[in-house]
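The data below hold one chain only, encoded as structure tokens and taken in the form predicted alone.
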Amino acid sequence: MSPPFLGSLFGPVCEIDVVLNDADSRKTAELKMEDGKVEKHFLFYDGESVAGKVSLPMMMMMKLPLPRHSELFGDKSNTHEFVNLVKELALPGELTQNRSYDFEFMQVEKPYESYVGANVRLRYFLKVTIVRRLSDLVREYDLVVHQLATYPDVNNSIKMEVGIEDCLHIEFEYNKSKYHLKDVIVGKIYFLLVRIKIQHMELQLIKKEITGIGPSTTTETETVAKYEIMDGAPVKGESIPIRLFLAGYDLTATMRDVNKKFSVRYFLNLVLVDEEDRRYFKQQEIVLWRKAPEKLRKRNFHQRYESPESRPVVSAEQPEM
């Protein structure tokens, strides 16, 4: 069954069908929109061609661009187009019968992944424009793009010692610092000194969407996942294992300085709550990447994921351990 954007777009006045050449075999992917609704569109990778057929019964002239741009939700006019490919499918004139027009955008560069966040949206879409005397008819067809990556050459484990002087000393270790989106975070926490009464401990996966530059920078923080490590007081010498499965959460890959407009970063946040409800925590950045499907791993639709070394991040809003 074709996605809902194919066919019958302008009602009885001018019906347009846009069908991709490989619509029967091409996979679709879901994209959660800013209003919470989930849309399903055809899935593409970097370097793949976009080809198909436009059918319509009447027109004056038609253009078919393939725009790619990012939008900042705080200002709908703040749209940044990073590539725009255009195919003019027909010269001006009138049609007396139904016509179909083939189109193909060869080996299209798609440098970024489709993304919808709190304050920004990055889109890839086909736009059909029918130029008429009074007003143009325009229809957009969204595509979903995934950026694939291979296993990192270096994927060091994370080891840290944190604590409160003379009160608490903890060592924690995560098995690696870069995880694919279906991965499992495995770790262990060691209690070396415990002189405060801890009631609760949990591990959080934090997503930060950073938009803007300099003083206009805005950061949206979302707690994507919570993993209860313990409920009760630990004792000196105790160790607690951690296993957090990522597959069940709506995650994107880490995105850094996309078109110099926004970034999406992820952090592991270790939170402790004492008997007086005081919260202590420590954050550590990790990198998330999208693993290529099995049948694509031998093809050229993936790239090596490079990222700066992760650094621990401490917030001033809560006591540091």
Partner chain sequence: MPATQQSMQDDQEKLLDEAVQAVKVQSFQMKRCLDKNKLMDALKHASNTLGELRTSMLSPKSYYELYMAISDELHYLEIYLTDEFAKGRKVADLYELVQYAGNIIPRLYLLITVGVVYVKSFSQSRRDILKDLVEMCRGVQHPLRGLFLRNYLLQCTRNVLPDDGEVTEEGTTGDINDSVDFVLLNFAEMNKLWVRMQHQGHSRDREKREKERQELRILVGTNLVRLSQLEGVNVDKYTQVVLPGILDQAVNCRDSLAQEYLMECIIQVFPDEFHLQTLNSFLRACAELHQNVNVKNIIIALIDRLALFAHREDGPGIPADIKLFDVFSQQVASVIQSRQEMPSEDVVSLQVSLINLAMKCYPDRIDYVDKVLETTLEIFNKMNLEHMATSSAVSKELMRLLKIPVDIYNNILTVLQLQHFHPLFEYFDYESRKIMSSYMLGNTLDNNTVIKAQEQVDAVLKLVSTLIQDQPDQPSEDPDPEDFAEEQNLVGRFIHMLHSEDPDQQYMILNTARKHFGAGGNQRIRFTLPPLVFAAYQLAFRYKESSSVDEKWEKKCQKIFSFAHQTISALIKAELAELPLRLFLQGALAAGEIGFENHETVAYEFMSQAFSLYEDEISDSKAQLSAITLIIGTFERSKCFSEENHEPLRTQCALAASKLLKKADQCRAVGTCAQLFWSGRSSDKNGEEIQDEKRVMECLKKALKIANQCMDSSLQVQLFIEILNRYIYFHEKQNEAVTVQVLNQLIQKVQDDLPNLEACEEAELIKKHFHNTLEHLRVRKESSEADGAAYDGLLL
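Numbering follows the first chain given and starts at 1. Predicted model only: the values in this text are computed from it and were never measured.
One more form of this protein should be noted, the form predicted together with the partner chain, which is absent from this view; the next part is about it.
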**Prompt:** Among 120 to 128, 221 to 229, 139 to 147, 104 to 112, which stretch has residues with heavy atoms no more than 4.5 Å from the partner chain in the predicted complex?
**Reply:** 221 to 229
**Prompt:** Between the options C167, I213, V86, A247, which residue brings a heavy atom to within 4.5 Å of the partner chain in the predicted complex?
**Reply:** A247
**Heavy atom within 4.5 Å of the partner chain in the predicted complex - the one residue of R195, K159, R132, R243 that qualifies** = R243
**Asked** Taking heavy atoms only, is E81 within 4.5 angstroms of the partner chain in the predicted complex?
**Response** no
**Prompt:** Is T217 close enough to touch the partner chain in the predicted complex, meaning at least one heavy atom pair within 4.5 Å?
**Reply:** no
**Asked** Should V154 be counted as a contact of the partner chain in the predicted complex, where contact means heavy atoms within 4.5 Å?
**Response** no
**Proximity of A90 to the partner chain in the predicted complex, heavy atoms at 4.5 Å** = no
